[in-house]
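Here we start with a single chain on its own, the form predicted alone, put down as structure tokens.
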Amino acid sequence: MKPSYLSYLARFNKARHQLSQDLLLTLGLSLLAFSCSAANDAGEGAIERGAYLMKIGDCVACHTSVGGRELTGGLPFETPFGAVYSTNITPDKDTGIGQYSYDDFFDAMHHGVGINGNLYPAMPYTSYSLLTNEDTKAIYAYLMSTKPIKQANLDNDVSFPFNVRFGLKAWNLVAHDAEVFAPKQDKSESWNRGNYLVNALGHCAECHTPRDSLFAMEQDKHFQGAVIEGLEASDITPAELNRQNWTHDDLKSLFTEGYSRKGTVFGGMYPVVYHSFSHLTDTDMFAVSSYLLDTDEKIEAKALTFNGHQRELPGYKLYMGYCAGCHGQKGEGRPNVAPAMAGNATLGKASPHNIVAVMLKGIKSQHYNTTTSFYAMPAYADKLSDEQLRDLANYLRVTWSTQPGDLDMNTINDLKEVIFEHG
């Protein structure tokens, strides 16, 4: 009996192994067929183009938690109504978007409606709605071609009544108008391409435009800046960028390596540059700067502002004691350590918000490639008094910008309240 049993067991194991192989092959072919179908619907080369569009659309930065697996979500977004977590957008059928047809995906991207209900506007569908159908299909084809990863989504921490998703339908009626992108006939091809990249894919307005009491973007203040998590997303209107003498090369350097003649990015812009804009082709990079600067013409770089030290001012000793070691005696900066003060756009802004915010909260270290990285800047919230913050901020402005050194204690106190209230 024993040999017979062993023979049976051997045949059983062989059959089970063959069945497993057949099942895996069937599942693999099904997945491949699904991906091929999505790619075929989007046209030739869709997956490759979708991979590029996905990067420029900044999907990785938002849908990847710190230390998490790419595109599996879990990154928190602090809103006035509570924390909203990004979701798993791998093609896993249980926890990702594997159940989404293309029409479902289009509705999510353009109208903020997922298969489980309305999405919170932390998902920038108000900007993605400008995407062409062709590009939306390409992004869908790419995402469906990626490896499914099973990772459950986190529950949002949104208070009542904002946790009732039905109310988002009303929000859409009031605050969302799904427009079709329309090139401007009096602008160049490059400018129009930049407009599409910046406003549709890059969804830059979502951070750089202030929002009203309904959390809707104030369209009449497009790109005029807004406070997010304690930092000010800068005014990036052509008028402000040209006033500060940004050039095409400055913007290319900033979006490629996070650093330029006008300073560095920090806060939420670091992952945007690292995951998204640093991957722009040269042609698209020029299109972006053409749109932001509102010109295809070359802009001459002017000399960077350094008005000389005024040793009698109280901020002089503070600068030499706390800042000069990294930023230089004359504010010239140190490569791969700290940006220059001379010409620094943060100092040149009319708003002193980020000067004070950076001194209070510091800046995390940044790494872009093997040759470009920056040390972390320490936070001085527990080292500098409010009077010292005022004196140092004023000194930085009068020494390396054309802004006046007229910040008073009321301004410092008001800024601190906003900075810590938002993060």
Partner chain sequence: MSQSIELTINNQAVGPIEVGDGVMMIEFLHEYLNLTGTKFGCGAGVCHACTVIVDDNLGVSEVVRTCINGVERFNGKHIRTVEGHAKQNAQGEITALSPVQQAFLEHFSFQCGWCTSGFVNESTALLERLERKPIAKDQVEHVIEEALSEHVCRCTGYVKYYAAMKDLILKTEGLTLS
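The shown structure was predicted, so the numbers you read here are calculated from the model rather than taken from an experiment. Positions refer to the first chain, counted from 1.
FYI, the form predicted in complex with its partner chain isn't displayed, but the following is about it.
Interface stretch in the model of the complex with its partner chain - options 328-336, 120-128, 245-253, 259-267, non-hydrogen atom within 4.5 Å: Comparing against its partner chain in the model of the complex, the contact stretch is 328-336.
Could you spot which one of 77, 102, 316, 286 gets a heavy atom to within 4.5 Å of its partner chain in the model of the complex? Looking at the other structure, the residue within range turns out to be 316.
Taking its partner chain in the model of the complex as the reference, which of 226, 304, 216, 324 has a non-hydrogen atom within 4.5 Å? The residue from 226, 304, 216, 324 that makes the contact is 324.
May I ask you to check whether residue 364 falls inside a 4.5 Å heavy atom distance of its partner chain in the model of the complex? Outside the cut-off, so no.
In the model of the complex, does residue 83 have a heavy atom within 4.5 Å of its partner chain? The answer is no: residue 83 has no heavy atom within 4.5 Å of its partner chain.
Quick check on residue 380: any heavy atom within 4.5 Å of its partner chain in the model of the complex? Flag for residue 380 set to yes.
Look up in the model of the complex whether residue 115 has a non-hydrogen atom within 4.5 angstroms of its partner chain, and give yes or no. Outside the cut-off, so no.
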